[in-house]
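Given next, in structure tokens, is a single chain: the form predicted alone.
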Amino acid sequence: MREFIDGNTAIVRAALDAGCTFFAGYPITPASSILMAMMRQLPRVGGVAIQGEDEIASIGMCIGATLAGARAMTATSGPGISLYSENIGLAIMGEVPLVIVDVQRLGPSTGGATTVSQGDVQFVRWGTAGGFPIIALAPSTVPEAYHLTVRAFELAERFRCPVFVLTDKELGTTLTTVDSEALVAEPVAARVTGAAGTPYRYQPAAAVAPLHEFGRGTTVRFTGSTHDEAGFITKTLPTVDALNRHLIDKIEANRVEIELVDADLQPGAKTLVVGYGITGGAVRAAVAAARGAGEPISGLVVQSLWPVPESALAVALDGVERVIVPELNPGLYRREIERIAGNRTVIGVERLDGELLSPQQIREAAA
């Protein structure tokens, strides 16, 4: 069976299938349809969906709901991420599992509310104080929007951190025909909660302690300040160092587990095209057309933007002399590719007028 569906609807379906029980958000184009659908559908399965008075309140509600036992998601666009910033930091410090959907639109400021962009790529990574890592996934098709949202819930629970689903106006709001079988996923495992008397705020190094929920028969202390394993604020230097390194190591030491790419590599190719999100379709089409014309070329669509999938990129870069990076921004992710590419030539193909890149534009850059 086939159905007519857009990316935002696929995200809502994925959240419900992943066991989401709480949603809070504020209307903002082009993410509003996620809020409206969750408010219609989540109560039908026993969950709670709230339109907050603003974005700050909405993400705060999600943090509180998670600590009370819910599996939570929120959704917004770039201006809302600006307002989320402080509470994103709180979720990082408090190790709160949380899925944040960013349906990107052209910025800065109000920008183009109904215009496509990929301008939040660096913003979601560095938009909160401290520089500590997050996880961000970027779907390029409606089925990927579904599956990567489910994966976001898995990773949020696994690493106790905010996980972004970084989509965009075109993918989120454009209807397309897909096979219904492509929108089915395995259930996300139930949350593992900590027993009374066990460390619950953090464990040293890359280990991740179970989440202790409020009202579950044990004392829980939660703070955004530097704290010890029991949640008490501390200035003890080794403890402060252990906490901060843990927040980094639990993600950085597990990069291989987090990495997701769609690689289409051709042996002997000297050119590699690297894309993500909505540009992924143009990348795939450009690579297919070039090969049809007898041009050896490889393609890589990155699905896990943060942490950067360095292992997969290293494999794709082997033997390559030139890398083409198409983006709907001023070359924001190209900087990450340049860092990894060594002495290879890296060519950016950018578009900033609110329209999509075409496969022909990518082929021209690769020619």
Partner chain sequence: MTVTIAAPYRNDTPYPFCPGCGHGSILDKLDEALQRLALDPEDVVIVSDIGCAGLSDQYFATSAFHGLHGRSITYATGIKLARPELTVIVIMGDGGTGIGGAHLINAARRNVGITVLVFNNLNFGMTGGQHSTTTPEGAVTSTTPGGNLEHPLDICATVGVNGAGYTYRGTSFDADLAARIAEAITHPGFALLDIWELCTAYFVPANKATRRSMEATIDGLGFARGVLMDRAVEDYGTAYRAAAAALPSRSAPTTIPIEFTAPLDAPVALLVAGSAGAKVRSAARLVGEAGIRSGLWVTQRDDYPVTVKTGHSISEVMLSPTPMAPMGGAVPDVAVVVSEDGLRKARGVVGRMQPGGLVVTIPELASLETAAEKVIVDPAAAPGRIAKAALALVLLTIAARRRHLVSVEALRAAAAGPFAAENLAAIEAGVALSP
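Fair warning: this is a prediction, and the values are worked out from it, not measured in the lab. Residue numbers count along the first chain shown, from 1.
The form predicted together with its partner chain is left out here; the points below concern that form.
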Within 4.5 Å of its partner chain in the model of the complex, do Ala190, Gly194 and Asn343 each have at least one heavy atom? no
From the list Thr223, Ser82, Asn244, Gln122, which entry has a heavy atom within 4.5 Å of its partner chain in the model of the complex? Thr223
Give me the residue from Leu313, Val320, Ile50, Ile28 that has a heavy atom within 4.5 Å of its partner chain in the model of the complex. Ile50
Do Leu16 and its partner chain come within 4.5 Å of each other in the model of the complex, heavy atoms counted? yes
Is Trp126 a contact residue for its partner chain in the model of the complex, using a 4.5 Å heavy atom cut-off? no
Is Glu170 close enough to its partner chain in the model of the complex to count, meaning some heavy atom within 4.5 Å? yes
So in the model of the complex, is its partner chain close enough to Pro330 to count as touching (4.5 Å, heavy atoms)? no
Thinking of its partner chain in the model of the complex, which stretch from 153-161, 252-260, 226-234, 265-273 has heavy atoms inside 4.5 Å of it? 226-234
Using the arrangement in the model of the complex, list in sequence order the residues of 259-282 with any heavy atom within 4.5 angstroms of its partner chain. Ile278, Gly281, Ala282
